[in-house]
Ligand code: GLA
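Listed next as structure tokens is one chain, alone, in the form predicted alone.
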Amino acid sequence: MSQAVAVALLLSLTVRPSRPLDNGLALTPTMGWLHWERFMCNVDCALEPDNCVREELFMQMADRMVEDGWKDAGYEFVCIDDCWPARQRDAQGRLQADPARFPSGIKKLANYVHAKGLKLGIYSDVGTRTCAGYPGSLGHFETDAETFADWGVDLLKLDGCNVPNWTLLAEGYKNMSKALNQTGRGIVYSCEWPLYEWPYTQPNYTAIRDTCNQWRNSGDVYDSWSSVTGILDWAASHQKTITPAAGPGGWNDPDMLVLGNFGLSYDQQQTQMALWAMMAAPLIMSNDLRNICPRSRELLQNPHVIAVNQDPLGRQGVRVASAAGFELWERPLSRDRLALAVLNRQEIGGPRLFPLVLATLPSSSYCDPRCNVTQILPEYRELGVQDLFSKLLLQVNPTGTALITLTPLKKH
């Protein structure tokens, strides 16, 4: 497709005027499961029937989410990523699921997921093709939005591959946002708009927030510590730009949680969970819930960490200090509380003590004159009432994180 044809397709869409993202969704960060990092584009169901992208995989994950406590912990979305469609649209120009791998169709899969009290997410692309080469939504935004609504889809992840020119990204994402709203169905809209614009220009985060419920900024997460720290470093170095856009209804998305897979130690899993909570990030797991170790499951379902992530104030945390191999992150919480995360970035030696004097915090006013301190990670314990000049010694393992909350005590 030529650039001129692509531009014509985008500009000729008969989308009725509407307020973008007037959907009232994602008032706290979304929580759920997505197939991509763990199962990728495995479509060889003859060779690997238990690990390929087909309807049984998503049904089994939905079963596990209900039976193993994930739903009760707050995880509600079962999300399909790339490689689900047939290679061609149907005779009416609608997307269709691969008939061999999704013989029942997406609508019946959505019904199965809904019957368990969960929600279904699906994937498409703003370009001509998805990243894996399946049909994209360029020129079909209204048709695809109506198709997803008819199927009972609850979340759409829209990727940004195969766009003829990066200048078409913004208009494409806006058009799909409007088309989703026009369906009348509440569909959480997960965008990758800024990820694909950053190589060319600083994205317009005001427009992105007006368009999307959550948005990817940086590259795909891998099952490795270097990938997790790379995402953290990117977020910290761009926090002045991206943090003001985050809040109820719209969130910066640092990509999937990879806890319970192969690449992270337990301390590193604690760090990803803690820092994703601090960043008010969507908690979207990509792992095998049919076979996950009990410690990883307990960490992913930790109610105290989830409470930080889901705090209704919706303020994203930021890195406020970095010295001597430690990082300090702060996040304001509702009811005048504060969350702190202390990350030990050293990858050598043993546990290290971090001396925390509340008076030295950038947000020391939270503890003026006193506050109650609760440690959530690496283990839950009450540290009691502390004043501004109390000295707390937090022990943090290499690549691990201590997560605490401060609750101010009223002056008498």
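Quick note: we count residues from 1 along the sequence shown, nothing fancier. Computed from a predicted structure; not experimentally measured.
Keep in mind that the form predicted in complex with ligand GLA is missing from the display, and what follows is about it.
- The stretch from 147-155, 332-340, 244-252, 131-139 that comes within 4.5 Å of ligand GLA in the predicted bound form, counting heavy atoms only, is 131-139.
- The shortest heavy atom separation between Glu76 and ligand GLA in the predicted bound form exceeds 4.5 Å.
- Ligand GLA in the predicted bound form is not approached by Glu197, whose heavy atoms all lie more than 4.5 angstroms from it.
- Among heavy atoms of Trp36, some come within 4.5 Å of ligand GLA in the predicted bound form.
- Heavy atoms of Glu327 never reach within 4.5 Å of ligand GLA in the predicted bound form, leaving it off the interface.
- With the partner omitted here, the residue from Tyr205, Phe102, Tyr123, Tyr189 that has a non-hydrogen atom within 4.5 angstroms of ligand GLA in the predicted bound form is Tyr123.
- Only one of the listed residues (Asp233, Asp267, Asp220, Glu171) places a non-hydrogen atom within 4.5 angstroms of ligand GLA in the predicted bound form, and that residue is Asp220.
- Contact annotation for the candidate site: Asp81, Asp159 and Arg216 all lie close to ligand GLA in the predicted bound form (heavy atom within 4.5 Å).
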